[in-house]
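There is one chain below, alone, in structure tokens, taken in the form predicted alone.
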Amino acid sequence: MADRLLEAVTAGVRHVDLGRQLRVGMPQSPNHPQFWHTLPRRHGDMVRADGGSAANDMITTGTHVGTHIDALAHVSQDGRLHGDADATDSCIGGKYVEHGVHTIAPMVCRGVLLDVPATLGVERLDGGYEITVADLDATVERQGAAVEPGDVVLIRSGWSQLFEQGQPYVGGPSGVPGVSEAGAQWLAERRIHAAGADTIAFERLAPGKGHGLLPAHRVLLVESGIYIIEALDLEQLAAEAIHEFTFVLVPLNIFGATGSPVRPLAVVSA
């Protein structure tokens, strides 16, 4: 029996890379260890008898740095994780056995881009702007792509245009645009599989408030069991007006971790 997926791939597909390149010094949340890459051995440090040489690398990084996914173990509320799991008892030997990133299955599913700046007629949203339920509804109506159960919904704010500037992307005094609790509830009501954004904290950060309160994380991770993907690059999807696509994401299989760097892809017909 012919495999329909293989037939589609053979007929021709292309992908849009939604992940940020990992580089030393890239902007990130101040709450997580930074990414670091070095070469313990370089070509010429050790040369074989036949003239051959090999270089190797070492990296250290927080798991919530660069484009990454939050496991359900990442956030607790009043000492409880998703499904009322005890946040203390779930951590065994320094590993979150329950709800760690190793429990996230690879994702090959329908992806939907909600391009909010395009709906509002702006290049990017202002720092601290709250993406409202009305904004989400208007974007769905404009694009004509309904959000369905099991989807991965990616919300563009345009804020990633500041990524190469470093600190302005982090926000700080300016704040960062994104959904708040109401927007997260809107997503949860649609029983999506995961939600992502082009910012480091997914949700709205009020000017000057930093990461002090993250209600959307509570709604999605703790109350609804919906994964969060952060620091996505959604500019090419927006430029090409690609609003529906096959979304592919595979977390690193790190036992007991609260998150993982990822390189998600949007796959469309060629």
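Numbering starts at 1 and runs along the sequence shown. In this text, all values refer to a predicted model and were calculated from it rather than measured experimentally.
There is another form of this protein, the form predicted in complex with another copy of the chain, and it is not shown here; the text below is about that form.
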* Distance check, residue 206 to another copy of the chain in the predicted complex, heavy atom within 4.5 Å -> no
* Wondering, does residue 104 line up within 4.5 Å of another copy of the chain in the predicted complex on heavy atoms? -> yes
* Is residue 78 close to another copy of the chain in the predicted complex, meaning a heavy atom pair under 4.5 Å apart or at it? -> yes
* To do: Report yes if any heavy atom of residue 33 sits within 4.5 Å of a heavy atom of another copy of the chain in the predicted complex; otherwise report no.
  => yes
* Structure fact -> Of the candidate stretches 192-200, 106-114, 169-177, 132-140, the one with residues having heavy atoms within 4.5 Å of another copy of the chain in the predicted complex is 106-114
* Asked: in the predicted complex, which of the listed residues (162, 147, 87, 125) lies with a heavy atom within 4.5 Å of another copy of the chain?
  -> 87
* Quick one: name the residues from 10-27 with any non-hydrogen atom within 4.5 angstroms of another copy of the chain in the predicted complex. => 10, 11, 12, 13, 15, 17, 20, 21, 22, 23, 24
